[in-house]
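A lone chain, given as structure tokens: the form predicted on its own.
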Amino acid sequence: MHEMSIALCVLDFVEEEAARRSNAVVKAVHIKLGALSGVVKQALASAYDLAREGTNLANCELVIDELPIVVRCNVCGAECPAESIQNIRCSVCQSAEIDVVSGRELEVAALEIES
């Protein structure tokens, strides 16, 4: 379950940012999570809940924004969502000659800081 190590890294990042901003109170951390990231949303949310217990960030909410797989077709040039994680093709011409444009993300997108 690598989600626990990811949750701990997110909390470390949030703590560092809070300290850098004169110990600001962080109400929420927003994560972008792509369908190809290899991270299970529910497992990350559970790990985050466990990891924040008893810390200064016990009340800091985790908001996960799931991102779909978007591909750019090298044959027809279309940029479109993939049908599924098992069928990553151009949904316009069905070509498998594609580049993944998004869907691999695992990043902290924003912090909500109490003012």
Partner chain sequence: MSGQTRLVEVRTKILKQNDVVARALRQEFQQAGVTVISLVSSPGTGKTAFLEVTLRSLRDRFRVAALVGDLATDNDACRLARAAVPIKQIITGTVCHLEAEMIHAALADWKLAELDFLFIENVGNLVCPASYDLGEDLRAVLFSVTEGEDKPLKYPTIFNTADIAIITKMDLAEAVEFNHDSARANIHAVRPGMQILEVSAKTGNGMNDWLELLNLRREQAIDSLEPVQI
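Numbering follows the first chain given and starts at 1. Because the structure is predicted, anything quoted here is derived from the model rather than measured.
This next part talks about the form predicted together with its partner chain, which is not shown.
Contact at Gln42, Arg52 and Cys60 by its partner chain in the predicted bound form, all three, heavy atom at most 4.5 Å: No, because Gln42, Arg52 and Cys60 lack any heavy atom that approaches its partner chain to within 4.5 Å in the predicted bound form.
Taking heavy atoms and a 4.5 Å cut-off, does Arg72 contact its partner chain in the predicted bound form? Arg72 lies outside the contact set for its partner chain.
Taking its partner chain as it sits in the predicted bound form, is Leu36 near enough to touch it, meaning that at least one heavy atom pair lies within 4.5 angstroms? Yes, contact at 4.5 Å.
Answer with yes or no whether Ile88 is in contact with its partner chain in the predicted bound form, where contact means some heavy atom within 4.5 Å. It does: once its partner chain is placed as it appears in the predicted bound form, Ile88 has a heavy atom within 4.5 Å of it.
Indicate whether Val92 is a 4.5 Å heavy atom neighbour of its partner chain in the predicted bound form. Flag for Val92 set to no.
Taking its partner chain as it sits in the predicted bound form, which residues of 12-32 have a non-hydrogen atom within 4.5 Å of it? Please list them. Residues within 4.5 Å: Phe13, Glu17, Arg21, Lys27, His30, Ile31.
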